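Quick setup: one chain, the form predicted on its own, written in structure tokens, and binding and motion questions come after.
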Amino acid sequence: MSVTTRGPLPGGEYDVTVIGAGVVGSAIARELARFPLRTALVEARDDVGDGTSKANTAILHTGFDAVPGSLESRLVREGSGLLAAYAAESGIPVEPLGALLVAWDEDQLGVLPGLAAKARRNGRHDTRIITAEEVRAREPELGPGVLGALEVPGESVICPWTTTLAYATQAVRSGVDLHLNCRVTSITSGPRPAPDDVHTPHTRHALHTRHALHTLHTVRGPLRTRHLVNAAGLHADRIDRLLGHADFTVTPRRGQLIVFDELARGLVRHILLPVPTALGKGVLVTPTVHGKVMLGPTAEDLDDRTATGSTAEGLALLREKGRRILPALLDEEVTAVYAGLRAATASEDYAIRAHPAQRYVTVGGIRSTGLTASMAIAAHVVELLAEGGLPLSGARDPRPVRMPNLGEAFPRPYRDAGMIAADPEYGRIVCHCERVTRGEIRDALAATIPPGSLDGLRRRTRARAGRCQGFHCGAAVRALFESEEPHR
């Protein structure tokens, strides 16, 4: 297994290269790791899941409101079950809370029967419309004016950070090469410079692909590959154009969010969804697996693909929406505010396109549901690669992984007397807000894919993610991080 962060890239040819180590790209790399292929996963940033994926709203969707018959509908429906099972095996925290789609006026109430019918067309026959009285009984802290809701059992919250890291870790341990800090600047495609490899054991495949070798020109040098998958998220359309296609254009859609402290967790029991608009699912209130409450996101179409800053206007809008949904929430302490960018396109469906003659698959237009659909997208993409000539034989199950638990609903090291007795480092708390131990930080720094920054360490341990945001523990966490830096 190999993880590189600097220096020239390995020589030779890869069978497949995946551009983009977000949740979808990492899932595809994991799926490819089932086969005896030489596979690379390249990422422009210094960590996996450091782009769109890290700011996901962290909901494991049922797909009840997808466009019936769309590719997204099918892949979300299939992916939801796959990811739920994978999470249980891998230690990814998931809490099945169910959702309430709350109607606040007559127009919204009138939309609910149509949404229920849409859910049935998407295979969800367990939704039902409930009265205002039942909604109030379920969620006593809701603001005044509730007229009813659509109940959607099966909606869950999940840890998006651990999901991406689990996929990538399993891929690397199964032989995939992960190259970080490896931004692709251009791509050329053409015949091999020397066709001698037609005499290798892969002769038939080599002959088949001799005129389809891609060379990725990256900031770390060239990388050659026979098959290519573009899972570059916000930059997927730009990569697509490097291959001569202009099928879609990504519009960065900023979503700002407010995270409230764990003391607010008792205010809400379900995922509270608004009636969706053309811009998305709207502002929601949801518990997180980390024991907090999240309010957001906004939906702002921008031109800047780096505009991940919060704004006074955006936060004011969220507070206005939140005050109507759950008034008491606004009295609670705010732990953090942040913003992420979604890769929106003009289409209501995913833009997953195969170009067999080029041995190239585009995975574009993946919205927030991509987390849920990730494993099904991966299986679909590998099927498309096979149709483009990628030889798939000798499949094997990848080695299982067991990820450190970041969820509050499951045992954590500081509460585990057995772990502390066996290793006292699990009893030495460094981050008191999030109760993160020195043992967990040590483990993260020595992991298969260690963090490249303090933010990466936060996504692996929750250190510095609490109410003080590192004010008290920041120096200690930094010292631990820097003590391992020479080894990374």
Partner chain sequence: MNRTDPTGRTDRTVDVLVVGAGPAGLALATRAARAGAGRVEVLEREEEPGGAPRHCHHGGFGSPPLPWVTGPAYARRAVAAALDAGAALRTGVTATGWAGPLTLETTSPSGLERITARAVVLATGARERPRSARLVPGTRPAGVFTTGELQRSLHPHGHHPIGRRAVLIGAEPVARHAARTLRRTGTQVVAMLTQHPRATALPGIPLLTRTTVSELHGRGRLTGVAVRHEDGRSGVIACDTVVFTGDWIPEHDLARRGGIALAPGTRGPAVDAAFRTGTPGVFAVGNTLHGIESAATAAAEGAAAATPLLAHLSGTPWPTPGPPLLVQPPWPGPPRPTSRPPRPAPSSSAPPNP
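All of these numbers come straight from a predicted model, not from anything done at the bench. Numbering follows the first chain given and starts at 1.
Another form exists, predicted in complex with its partner chain; not displayed. Remarks below refer to it.
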| item | value |
| --- | --- |
| In the model of the complex, residue 319 touching its partner chain (heavy atom, 4.5 Å) | yes |
| 4.5 Å heavy atom contact, residue 452 to its partner chain in the model of the complex | no |
| Close approach of residue 129 to its partner chain in the model of the complex, 4.5 Å, heavy atom | no |
| 4.5 angstroms heavy atom contact with its partner chain in the model of the complex for residue 429 | yes |
| Heavy atom distance at most 4.5 Å to its partner chain in the model of the complex, all of 420, 464 and 472 | yes |
| Sole residue of 108, 308, 358, 218 within 4.5 Å of its partner chain in the model of the complex, by heavy atom | 308 |
| Contact residue in the model of the complex, chosen from 238, 121, 396, 415 - any heavy atom within 4.5 Å of its partner chain | 415 |
| Per-stretch contact check against its partner chain in the model of the complex, the hit in 261 to 269, 113 to 121, 396 to 404, 224 to 232 (non-hydrogen atom, 4.5 angstroms) | 261 to 269 |
| Stretch 327 to 343 - residues with a heavy atom within 4.5 Å of its partner chain in the model of the complex | 331, 332, 333, 334, 335, 336, 337, 338 |
